[in-house]
Every structure is written in C-alpha cells, then in structure tokens.
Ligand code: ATP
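As a starting point, one isolated chain is supplied in structure tokens, in the form predicted alone.
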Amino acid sequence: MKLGLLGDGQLGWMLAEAAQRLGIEVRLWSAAGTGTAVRLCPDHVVAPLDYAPAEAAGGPSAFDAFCSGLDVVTYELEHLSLGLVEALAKRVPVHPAPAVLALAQDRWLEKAALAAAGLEVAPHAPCADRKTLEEALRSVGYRALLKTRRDGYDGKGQWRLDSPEDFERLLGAEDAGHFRWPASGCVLERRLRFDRELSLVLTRDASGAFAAHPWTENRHEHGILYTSRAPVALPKAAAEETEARLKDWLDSHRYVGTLALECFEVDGRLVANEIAPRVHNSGHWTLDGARTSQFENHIRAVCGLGLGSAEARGLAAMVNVVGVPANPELLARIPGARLYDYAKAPRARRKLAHINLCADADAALTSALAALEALVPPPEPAQ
C-alpha cells in the first residue's frame, strides 16, 4: 500500500514513521523539500501547498506525479489549499474528507458546526470592519478575542480586547495602517473564565469504530501549547456527553482519521473551542504513554487496517520546546524524559521539539514535569 501525505513538518514526520512501521510506503507533498519529514521520505513531490492543479500547463505536473500509484491520501495540517484536496479526492480516496477540512479552515463555520453537533460554544459574532465589530461587541462584550476567520494558529491572527480603550486602540492602529481587516473577515469570541484547558483526541475508521485517547489537560503560554498531561479526571457526565455528541457528529460526516477537540472546563461544563481534523500537538504524549499512538491509529484508520487500543499505559506528560533548543545533557538527568527533535533551525516561537515523560504515580510525574519545565522555558510573547 502507498500513502500520499500532504505536508512535511513534524506531524508528517511522526505519521510517516508510523506508516513505515506498518509496512506502508509514503510519498510526501512538500512545500519546499526541506521539512522535517523529508529526511524520512525520499519519495516526495515539491510544490506549494496552495497549488492549484488547473494551473498546471504542459508536461507531467506535480499533481500527477504525486497521485501516481497512490492508494489513499491524508494530510498533517489544515492550512492548505482546499481546492488541492478536492482535486485529489477525484483521483484518490482522501481522509479526512474535504468537507470537514473546509469547516476547520473557517472559524465561523467551525463554531456553527460545533453548535449544530450539540456542543456548547462561547458567545461569538462575525465582523469584517469597524461597524460590524461595534455590533459584535454589543452582543459578545469587551472581554473578547478578535480572531481571523482563516489561517490563524498558535496565537497568530488574534487580538485581545479587555475594554473600550482596547477597541479605540485597534481603530487607531487601523487608521495608522498597522491593522488591516483580513479579506475573509473575523470572529469576535468572548474570553471565558475557565478552570482548565482540555482536549480529546480520538480516531474513527471507515467501519464506524472509534478509539478515544484519555482526556488531556493542556497549558498554553502566549497562544502556544507548552505542556500537556494525561489522563486527567474531569466531570464524568460532561465528558461522556461531549464525547458522545462528537462521535455522533463524526458518524454523520463518515469521518475517517484522527481528530482533536479542544475545550474549556467552565464550572463543571465543557465548552468546545475548536477542532483539528488531524493528529494534534496535545496528543504527542501518546507516542510513549498509550498502547497505540494517535499517529499509528490515524494511519490505521485511513489505510483500513483496524484501530489499536488508545488506552493509556500509565501517566504521561509532554513539554513543547519552543524557540530555544533543549540541552540533551541536562535532559538526561530527568529519568524517562524522551526528546523528539524536529531538526528545525531555532526561531522565536517556533516549535523545535517535544519531550515526553511517563510515570506510574502522580507524584513522580509531577516532580519530573516540574524539573523539565525548569529546563525548558515557555514560549515567548509574540512581538
């Protein structure tokens, strides 16, 4: 079997490793031919991820070269051309399906989909200029985040509002040319006072079977995930209802592959924030802490191999290495710390690696995580 994989970053690298361990050949679509996954996949096509197949003229195109001989296609990120994915789906089965990718690419459509699934979402409203922002503020309030509808991630494309003065400053920035409304518009979303940030990573295969990893508690710093910890206890009724509604929604879309749901815990309720139709940063701990990782189960799902157990082996945690490389000699002093180096050049707010920890007892994991956080600084604020 041969799998086509759109994207060549660290998620692609871990997906390709999982596929190759299962005896599956992998061909990458790489934007520049230099990503983390390229070192593992000599079979790759180099072309922009916003590539439009209809624009190819004369001779064999990157699109044709990529499709040739493939049995199935998947992707490691949602920030790519929907047109490319739709065109591929006419030639080769693509999982997850383009229709779900389209929802995840647009925050307004995503919120509507979550609400339609019966999940609670924070109050929000669309806006595209100062007039519609004023209208949105009247319904959402000033404790809010203004987010681009498309392309924002890791805190990018977001502006925090706390007061009418912040609104006036935003208008001043617009007048000075420092802020421009994106063509796709924005969503104004109320900032909730939450107790914890949580995520659920689960996989569905074509037969309708599910494998759900335990709920994970996450900590973000300046818009970027810093640490994750699993399994964690949370209100049973809220967790079961959220998982059941999400599964029903995935069934309705005949979803195939891994998906992550990010939530806030608010006074015992779970408020859905966003989905990612792919493997997710908050599920990296599953590489060492689960019987089957999110990466292997995604490959199993899209290739029709049957799912493995998502049960946790014990307790696990993950720390993201962002901006500044970790010192392997210092990490070696922390028992059980395992470094996954993405082989990227250091850059502010860039994810360079992650480190996994596993333990049998909560106290041991807490101690090791504290020692690791002392060695690995949190992400810096955006400039």
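Just so we're clear, the structure is a prediction, and the values are computed from it rather than from any experiment. One-based numbering along the sequence shown.
Separately, the form predicted together with this ligand exists; it is not shown, and the next lines address it.
Check whether residue 220 has any heavy atom within 4.5 Å of a heavy atom of this ligand in the model of the complex, and answer yes or no. Looking in the model of the complex, residue contacts with this ligand include residue 220, since a heavy atom lies within 4.5 Å.
So, in the model of the complex, is residue 158 in contact with this ligand at a 4.5 angstroms heavy atom limit? Yes, residue 158 sits close enough to this ligand in the model of the complex that at least one of its heavy atoms falls within 4.5 Å.
Hey, in the model of the complex, is residue 189 touching this ligand, heavy atoms inside 4.5 Å? Residue-level check for residue 189: yes, a contact with this ligand.
Hey, in the model of the complex, does residue 153 get a heavy atom within 4.5 angstroms of this ligand? Because a heavy atom of residue 153 falls inside 4.5 Å of this ligand in the model of the complex, the answer is yes.
Please identify, from 301-309, 207-215, 269-277, 238-246, the stretch that has a heavy atom within 4.5 Å of this ligand in the model of the complex. Single hit among the candidates: 269-277.
Only one of 145, 100, 85, 127 comes within 4.5 Å of this ligand in the model of the complex by heavy atoms, so just point that one out. None of the others qualify; the residue that does is 145.
Could you work out which of 226, 108, 264, 167 is the residue within 4.5 angstroms of this ligand in the model of the complex, going by heavy atoms? Residue within 4.5 Å of the partner: 264.
Heavy atom within 4.5 Å of this ligand in the model of the complex: which residues of 298-331 qualify? None of them.
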